[in-house]
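Quick setup: one chain, the form predicted alone, written in structure tokens, and binding and motion questions come after.
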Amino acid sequence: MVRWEPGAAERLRVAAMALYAEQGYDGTTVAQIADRAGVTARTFFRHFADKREVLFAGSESLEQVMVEALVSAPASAGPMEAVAAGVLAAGEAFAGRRDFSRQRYEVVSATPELREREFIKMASLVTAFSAALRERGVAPARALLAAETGITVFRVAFERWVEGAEEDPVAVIRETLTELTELTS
């Protein structure tokens, strides 16, 4: 086994995704992932708490990027404009990661335990967006409505992006935001 070669976390992600595709999430063990990546199980646990975290590592960073973009929106921006800035920042973060995102989406969609974890992640984003909007002076009920709406746009756009032909996630988010505007006009 390779012990100190750089890039172990990425090799573990690639190995896990390949194994999840081949034998399903439930049929894959940490030992198999580590073996496929050419590292020890101990090395796996240096990078990830469990095999689920291979799919969810980076969620906190994504949330931070999204909230920072919302907070950085101009003071003149309304609640939905600020939310749109946060959601568009997510699109920029996903640019160039479509293959991994598509594979991850398929694994998560096929596994109830992982779908539950994904819903928790989305709820965390709603909470963070809502808090950031309240900090901008938005009334609590309006902040929650804008946050829920924005995260729904993000989720719908993400699904469209991984399942569709458009390569640019930002373009898909913009299109979804436009559809929301048309629906509410």
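The first residue of the sequence shown is number 1, and the count goes up from there. Everything numeric here is computed off the predicted structure, so don't read it as measured data.
Form predicted in complex with a further copy of the same chain: not shown, discussed below.
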Can you pick out, from 53, 35, 148, 68, the residue that has a heavy atom within 4.5 Å of a further copy of the same chain in the model of the complex?
148
In the model of the complex, which of the listed residues (40, 124, 152, 29) lies with a heavy atom within 4.5 Å of a further copy of the same chain?
152
Even though a further copy of the same chain is not shown here, does residue 57 get within 4.5 Å of it in the model of the complex, heavy atoms only?
no
My question is simply whether residue 116 lines the interface with a further copy of the same chain in the model of the complex - judged by any non-hydrogen atom within 4.5 Å.
yes
Taking a further copy of the same chain as it sits in the model of the complex, is residue 144 near enough to touch it, meaning that at least one heavy atom pair lies within 4.5 angstroms?
yes
Taking 4.5 angstroms as the cut-off for heavy atoms, does residue 63 touch a further copy of the same chain in the model of the complex?
no
Partner contacts in the model of the complex for 162 to 185 (non-hydrogen atom within 4.5 angstroms of a further copy of the same chain)
176, 179, 180, 181, 182, 183, 184, 185
